[in-house]
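Just the one chain here, laid out as structure tokens, in the form predicted alone.
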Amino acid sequence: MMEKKIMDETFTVPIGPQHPALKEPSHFRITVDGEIVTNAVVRLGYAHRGIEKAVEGRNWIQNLYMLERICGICSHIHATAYCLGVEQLAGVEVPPRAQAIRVLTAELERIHSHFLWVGVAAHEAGFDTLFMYIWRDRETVMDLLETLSGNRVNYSVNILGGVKFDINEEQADAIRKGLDYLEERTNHYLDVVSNDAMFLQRTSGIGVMTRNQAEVLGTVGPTARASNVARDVRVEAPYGAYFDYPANIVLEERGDLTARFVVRIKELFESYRLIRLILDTLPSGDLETRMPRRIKEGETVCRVEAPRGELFYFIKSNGTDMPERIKIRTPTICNMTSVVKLVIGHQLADVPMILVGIDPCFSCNDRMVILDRSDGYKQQWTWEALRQHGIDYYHEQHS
């Protein structure tokens, strides 16, 4: 009798850095046994733009413009984190009206970000009807941001020491009207993601992360809150006007993709509440205070709650008109570890949905690449040397 020997065969499926399912460049190596994922590795660094190095050669005011462009979706919160840190180093207190306008804009930006994410995630699930409807409604909040700041993407509301723009009664009424419409639509979307049978097939029970796993993996933002981890900087360590307008934390216990949708959509209602409260009780007073050109020597850490989670800024001043060091840690790097852990055991078709569940932003995430050579060679490059290296490399590739 001949014994039949069956051998397990595994395959590695590369996804990225250029791939139709990825809106930004990243590289995943997914090992599968049949259709089941057995291992996953992620490689980042494809969107490195040298912003942290660039800010060392520009003054404090110029860097505000640059840091806003780390991310087009959450530009305001980056500017807010930077301003709070610099103002703390300078010993400057921002007027209450300016603080309130900063928070109001941050909540409008959170609405924009969550609407955008739900649409993208619905598209990955094959639910293009939801994608098109929610992006149609997203235009409402983008119009409100344009009414307030003149811009639909990079709002440039912040300046060091305050804000550029005030809110008049006409703008306040437009915002209230827009929120009334968005709240009605949000109730509908919450019902869809909670009860639609087709949608639940792609999200319910997929990518389940327990509370203990979320804490061990260091997840932040809605990704953590969907696993019942009460982690929200607005609540844990209030900043700006959140002392006067406290936020309520939104939690879910299931920890699956459905919970991550529900948390983000419920957070929209909390943003609507905060914005209306600010509009009804907006403090009077100035919009800015005087800032010194040179920031006294020192260093500080600033934490804020971006739409994706905790945003962390380390700022060091040497007493000149330019920073010595600015280090930025964005939420994506904290949540990425959960992706490579959670995909194991799921089908390959579930990988894009588990990835999109953390709302990744690779351009936000890529700060710096360190090359560790085995011969121990180390060199600290200047900005000009880094620029010349890029030029030389480009010529080599196209010669």
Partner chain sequence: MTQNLLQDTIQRLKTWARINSPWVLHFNSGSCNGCDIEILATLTPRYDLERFGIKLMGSPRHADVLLCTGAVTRQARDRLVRIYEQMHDPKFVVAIGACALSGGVFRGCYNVMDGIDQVIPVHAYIPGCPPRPEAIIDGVVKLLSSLSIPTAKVETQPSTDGRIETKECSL
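Positions refer to the first chain, counted from 1. The shown structure was predicted, so the numbers you read here are calculated from the model rather than taken from an experiment.
The next section is about a form of this same protein that is not shown, the form predicted in complex with its partner chain.
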| item | value |
| --- | --- |
| Heavy atom distance at most 4.5 Å to its partner chain in the model of the complex, all of P25, R58 and D143 | yes |
| Per-stretch contact check against its partner chain in the model of the complex, the hit in 279 to 287, 133 to 141, 244 to 252, 263 to 271 (non-hydrogen atom, 4.5 angstroms) | 133 to 141 |
| V208 within 4.5 Å of its partner chain in the model of the complex, heavy atoms | no |
| 4.5 Å heavy atom contact, K177 and its partner chain in the model of the complex | no |
| I70: touches its partner chain in the model of the complex, heavy atom cutoff 4.5 angstroms | yes |
| Exercise: I344 in contact with its partner chain in the model of the complex, heavy atom 4.5 Å | no |
| Residues within 4.5 Å of its partner chain in the model of the complex, restricted to 148 to 165 and counted by heavy atom | R152, V153, N154 |
